[in-house]
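Consider the single chain below, provided in structure tokens and representing the form predicted alone.
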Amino acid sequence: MVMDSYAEYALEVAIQLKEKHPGTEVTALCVGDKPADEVLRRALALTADQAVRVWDAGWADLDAPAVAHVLAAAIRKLGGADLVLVGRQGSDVERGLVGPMLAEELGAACTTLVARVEVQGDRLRLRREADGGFAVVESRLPAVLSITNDETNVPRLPKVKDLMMATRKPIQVLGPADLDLDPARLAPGVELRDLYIPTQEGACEIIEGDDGPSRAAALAQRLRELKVL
């Protein structure tokens, strides 16, 4: 198992903020079964301070609202967070729903498609993607940001020393008994049955006529026959 690419950008932003602001602690958190430990160990190798995995055997088909509910409960169990960074979307279904839903669960401010983050006192100055370019906005804390790729957050490679140390660090595992969850909210409201690109079929019909007016009249007649007009 490997880390999702947008999650890597989010982790890189978190590590950069930790380096700029001493005392900042970075916790890598995911919903996943045992193989997800590989993802968390990479986060530890990239100098995340702790790693937490939340899982239950019955959670294999959680939808985005349920994942947000579980993550919010885990964050509260861990003592809360001033800033939560998530990837802008998963690279599998690319719905981009967990970040905004997590913000709603936590009662936090939410900004999506964030490329750059600056902490200014108790507020954030954010550069985010917008139609045709970028927008600079401010946000209060606590906040949830969905992070997109930018030239400033290209994921670094872990050092050999940190890779070795990561193999010895513990990964905390939380389950339903550890979290204040509403079981009714874990039932999927949406079932993903398939992903596909819709096929579009087209046909071309030549409208005959001796001149422009006759061709226009023939076109109008044909559109009425097709019930377009």
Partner chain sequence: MREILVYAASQGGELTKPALEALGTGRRLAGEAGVPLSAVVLGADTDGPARAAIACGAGKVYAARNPILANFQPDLYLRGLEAAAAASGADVLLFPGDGPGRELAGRLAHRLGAGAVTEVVGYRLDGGVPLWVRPVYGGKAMAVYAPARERVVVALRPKTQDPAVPDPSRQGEVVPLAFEVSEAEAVTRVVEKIQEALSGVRLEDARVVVAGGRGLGGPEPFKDLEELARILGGAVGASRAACDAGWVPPTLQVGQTGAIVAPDLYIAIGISGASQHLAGISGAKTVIAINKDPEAPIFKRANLGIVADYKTVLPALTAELKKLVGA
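Just so it is clear, the structure is predicted and the values come from calculations on it, not from any experiment. Definition used throughout: the rigid core is the maximal C-alpha set that superposes within 1.5 Å between two forms. Residue numbers count along the first chain shown, from 1.
The form predicted in complex with the partner chain exists for this protein as well; it is not shown, and the discussion that follows is about that form.
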| query | finding |
| --- | --- |
| Stretch in contact in the model of the complex with the partner chain, which is absent here, among 36-44, 184-192, 51-59, 159-167 (heavy atoms within 4.5 Å) | 184-192 |
| Contact assignment for the partner chain in the model of the complex, among A74, L85, A109, A81, heavy atom within 4.5 Å | A109 |
| G23 within 4.5 Å of the partner chain in the model of the complex, heavy atoms | no |
| Close approach of V228 to the partner chain in the model of the complex, 4.5 Å, heavy atom | yes |
| Exercise: E205 in contact with the partner chain in the model of the complex, heavy atom 4.5 Å | yes |
| Non-hydrogen atom contact E104 with the partner chain in the model of the complex at 4.5 angstroms | yes |
| Sequence-ordered list of residues in 139-159 near the partner chain in the model of the complex, where near means a heavy atom within 4.5 Å | S139, R140, N149, D150, E151, V154 |
| Core-superposed comparison between this form and the one not shown, Q16 Cα displacement 2 Å or beyond | no |
| Threshold 2 Å Cα movement between this form and the one not shown for E25, core superposed | no |
| Post core alignment: R193 C-alpha displaced by 2 Å or more between this form and the one not shown | yes |
